[in-house]
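Next up: just one chain, as structure tokens, the form predicted alone.
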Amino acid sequence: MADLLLAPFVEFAFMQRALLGALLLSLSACPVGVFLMLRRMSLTGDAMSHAILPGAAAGFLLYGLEIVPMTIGGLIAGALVAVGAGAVARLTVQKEDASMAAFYLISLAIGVVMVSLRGSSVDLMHVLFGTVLALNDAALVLIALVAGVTLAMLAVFWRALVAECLDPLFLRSVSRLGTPAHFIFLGLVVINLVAGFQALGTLLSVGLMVLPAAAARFWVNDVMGMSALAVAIGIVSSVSGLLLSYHASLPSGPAIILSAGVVYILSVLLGRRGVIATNLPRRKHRTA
């Protein structure tokens, strides 16, 4: 049993790199996912993960599979889509969710076409689904920087982020941090999606952000505990997904997200606020 669990990470450097990258992403993205879920913006995060594709594709067309151009392109594309969707929502009768959906669908189509113009189907799969088993030093440095920035910002602005998430009107009435906290949160979402893109691709990068957070919601009520549990679920999902990928010869990124999905389903059924616990018949106490 020990050989099955430890041997892949001891014997192969690419598994060690993949594990390090996935663990850093879990530390960084999972707490952000908790705030994303509590704000009821999980689908917005999914749309933003697709929206970075044209920028990443532009970097790929100009420089190939180089991390810096693709990262810069992804950041620019994500910012443009967020601003564009917000402008449409404020200047027209259309709601922001509809405009975001329209922009991300257009972005996804443009990105796929751009990659297909120059690259092969292998390159397209790399951009869409990532290659966590092929993380290089530059990718790990980027993920580590994003994790460091995210944890530092969460530590400094934790109370403001929690208050802005749960009662934004109250925060704006008692503090000037309301608007800055909102933009700090959006910035953390974008940079974590770009970091996740390096390992999991544009289609799955949001998975490690949302699924552990959604699973933790069935077990814990307070935000701090929810964030800690989400990180733990992300770490377990990363390790089990990489082992599943190694032993069953499955794609590594989807295997990690599938593992997180299994934890989510179990939490839905067995969690303290899950289906079974909330629907069990309660004992009626006899009154004298």
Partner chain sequence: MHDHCDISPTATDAVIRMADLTVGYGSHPAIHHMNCALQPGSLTAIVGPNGSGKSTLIKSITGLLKPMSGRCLRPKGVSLAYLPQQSELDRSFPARVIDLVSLGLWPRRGLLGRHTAQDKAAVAGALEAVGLAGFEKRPIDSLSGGQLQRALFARVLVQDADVILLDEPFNAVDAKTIGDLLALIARWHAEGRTVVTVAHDLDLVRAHFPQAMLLARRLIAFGPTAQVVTPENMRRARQFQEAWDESAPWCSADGKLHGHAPALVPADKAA
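Rigid core here is just the name for the largest C-alpha set that superposes within 1.5 Å across the two forms. What you are looking at is a predicted structure, and each value in this text was computed from that prediction instead of being measured. Numbering follows the first chain given and starts at 1.
The same protein also exists as the form predicted together with its partner chain; that form is not shown, yet it is the one meant from here on.
Exercise for review: Check each of 87, 113, 169, 141 and return the one that places a heavy atom within 4.5 angstroms of its partner chain in the predicted complex.
Suggested key: If I apply the 4.5 Å criterion carefully, the residue I get is 169.
**Study point:** Within 4.5 Å of its partner chain in the predicted complex, all of 174, 177 and 223 (non-hydrogen atom)
**Key:** The answer is yes: all three residues contact the partner (heavy atom, 4.5 Å cut-off).
Review point. Counting only heavy atoms and a 4.5 Å cutoff, which of 252-260, 59-67, 239-247, 36-44 contacts its partner chain in the predicted complex?
Key: Single hit among the candidates: 36-44.
Check your understanding: Contact between residue 91 and its partner chain in the predicted complex at 4.5 Å, heavy atoms?
Key -> It does not: once its partner chain is placed as it appears in the predicted complex, residue 91 has no heavy atom within 4.5 Å of it.
Check your understanding: Though only this chain appears here, would residue 156 touch its partner chain in the predicted complex if you measure heavy atom gaps against 4.5 Å?
Key -> Residue-level check for residue 156: yes, a contact with its partner chain.
**Study point:** its partner chain contact at residue 82 in the predicted complex, heavy atom, 4.5 Å
**Key:** Looking in the predicted complex, residue contacts with its partner chain do not include residue 82, since no heavy atom lies within 4.5 Å.
Exercise for review: Check whether residue 214 has any heavy atom within 4.5 Å of a heavy atom of its partner chain in the predicted complex, and answer yes or no.
Suggested key: The answer is no: residue 214 has no heavy atom within 4.5 Å of its partner chain.
Review point. Is there a C-alpha shift of 2 Å or more at residue 159 between the shown form and the other one once the rigid core is superposed?
Key: The answer is no; the displacement is under 2 Å.
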